[in-house]
Structure formats: structure tokens, C-alpha cells
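Heads up, the chain below is alone and in the form predicted on its own; it's given as C-alpha cells.
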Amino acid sequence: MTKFVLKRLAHTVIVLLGVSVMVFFLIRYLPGDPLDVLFTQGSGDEVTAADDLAEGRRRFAEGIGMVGSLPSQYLNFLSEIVQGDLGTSIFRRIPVSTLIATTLPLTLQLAIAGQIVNILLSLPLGIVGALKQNSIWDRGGTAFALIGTAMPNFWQGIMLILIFAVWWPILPVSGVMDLGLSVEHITGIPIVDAFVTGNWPAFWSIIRHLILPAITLGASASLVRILRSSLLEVKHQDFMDAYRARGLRERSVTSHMMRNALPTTVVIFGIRLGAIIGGSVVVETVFAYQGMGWLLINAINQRDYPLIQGIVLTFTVFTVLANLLSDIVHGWLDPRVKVEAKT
């Protein structure tokens, strides 16, 4: 197991290196220049203080590492990453690591809430669909999962806003909590901090603000088909008939089915968790939820190269680690699986 984990971590380094190359060069070949945006907005003190516009532009470019050839700029960027420095945001003048540390807990909070919604929808639909195969409940659950998967997140979000904020204004549609409320910073995750400190007004406000974004992220019920297929595969095995022949209750038989179908579902769960973290970009933008996804969209609009690079690399790390964790749990749940063979 240790050898497997070390190999996967080494693969993670290679993946991060490849992603860093792609992000670094691709964003620089896109139309637009952060210096043009900055000079147009007139938001740089270095620019206005310079006697000559070209000289001020050159000095500012040197300050943010945008001088020399692209390969040399990339090597400088890579050396800074090795030292734990993701650079400084061009427009916010704040270290990228600080901005990520501020917004990452909000994205994790939303991703976990979305995955909880996904599980709460997928478990009953998948179990009922397997136990009552080809029934109206099975077909209805499968249709619901297909519709949820096919419908884009931004469309789901807009429809939820229309229903629960326009037609029936019962839920907030933007922000993390109501204005005027705040929580003491302990873990950085607002809902946890509010619960730990007993700040119940903020706690319930955070939950109300989480409902619509979490439903948008998790309504796809992406685990339904995987769980249903795994349960059906186990359901028709000989040892399940043996359980019934021994006189076990159907509830006990179902628990044995779940235990044998769980490993495959766990793998998909880990993959889906990484996808939800990445998919939060759209949802955070729709609901003005100021997490990393919302920050990434703003950075792209401003061509804030260091911030884009730092956020994309962070998303990549979480996606790879989620897949690694799911593989480890899979090997632990299913002794027949040799994790070393996956390498």
C-alpha cells in the first residue's frame, strides 16, 4: 500500500508539472494582456508615478516577472512554486496563496454540501432501482438521474433562482451569509466555525445560502446508475440466493448487497468529488458565491496570470488527491483488489 501511494504521489507531481506547462503557455497565447487591462483601468500606482508610460510599463512588467522569453518566465515561475511561492495577484496586489487560502474553504464547503445532496438523492434511487428492477420507481429514478446529468449546472441554477427567489422568494440566491453577520475565524470554513462557536444566526444563514448552490451541484445524482448497476450485479450472484435460503431477512440481504457493491461506488464517488470541486466554478459564478471558482472567473476576465495559474493548480491537486483517496479506500473495502496492480 505504501509503495502504491508513493507511486501515485510521484504521478501527481508529473501531472502538476504538465498542467503548469499547459496553463502557463495557453493563457499567454489567449487574446488580451494584463498590462493593457491595468493601464486602461489606470489602477497601478507605478504607472501613474512614471514619467514615461513605456518606462512605467517596463518597470511594472519586471516587478511581476513578465520580462524575457516565455521559457525563461516559466522556469522562474517553476522555481517559485518549488519554494512555495505562487506569486502575487497583478490586480489585487495580494499573494496568490493568501487569496486561495481565503476562498478555498468556501469552495470546499460548497463541494461537500453538493456531494451530500448527491448521496442523499443517489442512495435511495439506486437501491430502490436495483430492488425493484424495471418497475416505475426504477425507470423514474433512472430518468431523474439522466435529466440531472444532462442539464447544465448554470441552467439548473438559473431555474432554481427563478423558482425560489422570483416566484417564491423564500431562499437567498447570492453570497455566503446575510449582511451584518460574521463568524469567528477558526477553521476557515464558515459553517464549521459558526457551529463550533455557537453562532446560530450565522449558522442557519449559511445553510440557507448553501441550499440552492448545493442542489445545483448535487442534483445530477451521478451515483444512481453506478450504484444500481453494482447492486444488480451482486443481486444475481449465487451467494445472495444462499443468504435468502438461510432465512435471512430481506433487510439483511440488502445490507450484504450494499457491502459488496460499495467498492465500485466509492471509486466513482472520489472521481465525482474532484469533478464537483472543479464544477463549482460555474455554480459559484451563478450564485455570486465568493469561493475559488468565482475568483478564477474574475482572474480570467482580468488576465491575472499568477492567480489563474495558482487556482488551476490547486484544483488539479484536489482532483488528483480525491482519485488517490478513492483508490486507497477501494483497496481497503475490497480485499480482492491488489492496489499494486493499479500502478
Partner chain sequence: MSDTDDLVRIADAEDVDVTSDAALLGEQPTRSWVVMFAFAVVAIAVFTAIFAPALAPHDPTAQSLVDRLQPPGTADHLLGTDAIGRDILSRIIYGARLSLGAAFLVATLTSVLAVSVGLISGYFGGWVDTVIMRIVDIWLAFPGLILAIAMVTALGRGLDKLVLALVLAGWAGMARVVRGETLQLREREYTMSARVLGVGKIGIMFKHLLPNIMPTILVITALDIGSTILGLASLAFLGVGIGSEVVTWGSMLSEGRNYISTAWWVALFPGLAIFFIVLAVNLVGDWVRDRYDPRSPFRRAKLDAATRKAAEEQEAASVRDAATAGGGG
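Owing to the predicted nature of the structure, the values given are computational and were not obtained by experimental measurement. Numbering follows the first chain given and starts at 1. So that the term is clear: the rigid core is the largest set of C-alpha atoms that superpose within 1.5 Å between two forms.
One more form of this protein exists, namely the form predicted in complex with the partner chain; it is left out here, but the text below deals with it.
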Every residue in Pro152, Ser229 and Thr319 with a non-hydrogen atom within 4.5 Å of the partner chain in the predicted complex? yes
Please name which of the stretches 107-115, 245-253, 136-144, 75-83 has residues with heavy atoms lying within 4.5 Å of the partner chain in the predicted complex. 136-144
Assert contact residue (the partner chain, in the predicted complex, non-hydrogen atom within 4.5 Å, options Leu162, Ile170, Ile94, Leu120) equals Leu162
Between Thr264, Thr197, Ser174, Thr88, only one gets a heavy atom within 4.5 angstroms of the partner chain in the predicted complex; which residue is that? Thr264
Using 4.5 Å between non-hydrogen atoms, is Pro306 touching the partner chain in the predicted complex? no
Within 4.5 Å, heavy atoms only: does Leu325 come near the partner chain in the predicted complex? no
Applying a 4.5 Å heavy atom distance criterion, does His209 contact the partner chain in the predicted complex? no
Check whether Val15 has any heavy atom within 4.5 Å of a heavy atom of the partner chain in the predicted complex, and answer yes or no. yes
Considering only 257-272, what residues come within 4.5 Å of the partner chain in the predicted complex, judged by heavy atoms? Thr264, Val267, Ile268, Ile271, Arg272
C-alpha of Pro306 moved at least 2 Å between this form and the one not shown on rigid core: no
State yes or no: after fitting on the rigid core, is the Cα displacement of Arg228 between this form and the one not shown at least 2 Å? no
If the two forms are fitted on the core, does Leu324 show a Cα displacement reaching 2 angstroms between this form and the one not shown? no
